[in-house]
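Same protein, same chain, two forms; see structure 1 and structure 2 below, as structure tokens.
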Structure 1
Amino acid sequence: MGFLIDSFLSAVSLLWSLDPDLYLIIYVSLKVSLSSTAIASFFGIPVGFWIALHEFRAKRFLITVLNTLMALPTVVIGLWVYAFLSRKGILGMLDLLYTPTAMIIGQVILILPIVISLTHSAVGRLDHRYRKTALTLGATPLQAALVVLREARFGVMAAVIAAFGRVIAEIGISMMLGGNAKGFTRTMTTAMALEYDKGEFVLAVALGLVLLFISLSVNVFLHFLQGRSSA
């Protein structure tokens, strides 16, 4: 117990000292995770929205596939993307392996099914009469879609937050595609794994505290917005 307390106090002291190496790791993590979340949201929200509002023959099968991909292991994605980006791969000439770009590509593939599935679920729960009424009153298809999106906004925001939470805490893709290079591709999770292997727990505990704080902050922000909407 004393060891845990000492590690915790040392971690707090390290955070308070504004150690540049520590905050560079945090910066890389946030840059990669926010970029991948933004890209996945840009493509995933419209796709999930479209699936929810349209009926087609393979819809049930597509939803099943998307739900299955939500549980896809990160190491599987890392392996496939590595095969494409390695020097012998199809995209090897781009020289993207062991760069933040490679990590973002892998993370987008990881969370795109999450954004699509949760957006579809959020929009699908709404009464379809919202859209039909808007169209009846003379709204364009885009305006009607915006009406539906406004009603489902908290569900869509939850989808984005869930996707961000998935990538900020993942390690397989970051390690396999980023290489854990100091100051370049080292994220909070890969740094924690490295420090654990070295038997150095202070930095790992400090980064763990940061991860918990980030997770708490985004969830508090979502609940704050929901509270303001219902007030």
Structure 2
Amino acid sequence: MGFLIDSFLSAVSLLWSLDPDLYLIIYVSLKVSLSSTAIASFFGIPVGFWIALHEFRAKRFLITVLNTLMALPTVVIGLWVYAFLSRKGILGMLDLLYTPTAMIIGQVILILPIVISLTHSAVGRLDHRYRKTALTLGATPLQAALVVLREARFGVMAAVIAAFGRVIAEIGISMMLGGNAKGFTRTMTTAMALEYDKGEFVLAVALGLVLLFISLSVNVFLHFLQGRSSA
């Protein structure tokens, strides 16, 4: 019990004392995770929409593939992207390995299937008469899509939140492609793994608590946005 209390107090004191290292770690984590979530949403939501609103032959197969990709281990993606970005790889001359950009690339690949698949199921669940009605009332296809988006916004938002939760908590990609460089690519999860390796369990758990707190804050914020948009 003493150990958990220590961790909790350390977490509070680290946040309260504005520990510069901790804030840098939080900053890097949020920058990378929010960027990859934004990019994956930008591409993934329209694709999910498109799949939901169209019938085509390979649709079921495509959905099965997407659902499979949702279970792709982060180390596999990490290795894959590593092979491309390494000095000996095809994109080696870009010198991207061990940078936040490399982490974002890996994380986008990780969550793109999540965004597409969850958007698809959110839109697919809707009564398709919304769109038909909009179209018969003279809406352009884009306007009709916006009507559908409005109706599906909770599901789409859930897709975005799930994607963010996946990247902020993942460690494989961050470690393999970011390399855990202090002040540059060290995130909450890689910092925790490091503190565990060093035997600094109190600090590791304290970081875990901070991570939970950050996730909570982001989710509350997104929830708030959602509430506003429905009003």
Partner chain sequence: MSSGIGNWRWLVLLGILLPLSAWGDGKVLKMATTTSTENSGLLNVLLSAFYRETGIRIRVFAKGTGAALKDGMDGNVDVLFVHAKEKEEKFVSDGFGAYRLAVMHNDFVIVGPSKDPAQVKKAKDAPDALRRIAETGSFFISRGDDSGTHIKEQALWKLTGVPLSTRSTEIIKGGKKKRRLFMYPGTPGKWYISIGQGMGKTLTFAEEKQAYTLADRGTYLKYKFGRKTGLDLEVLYEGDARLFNPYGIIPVNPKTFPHVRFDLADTFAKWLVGTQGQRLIANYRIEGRTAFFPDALPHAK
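The structure displayed is predicted, hence computed values, not measured ones. The term rigid core refers to the most C-alpha atoms you can superpose between the two forms while keeping them within 1.5 Å. For residue numbers, the reference is structure 1: its sequence is counted from 1.
In this pair, the copy labelled structure 1 belongs to the form predicted alone. Shown is the Cα shift of residue 215 between the two structures after rigid core superposition, which amounts to 2.7 Å.
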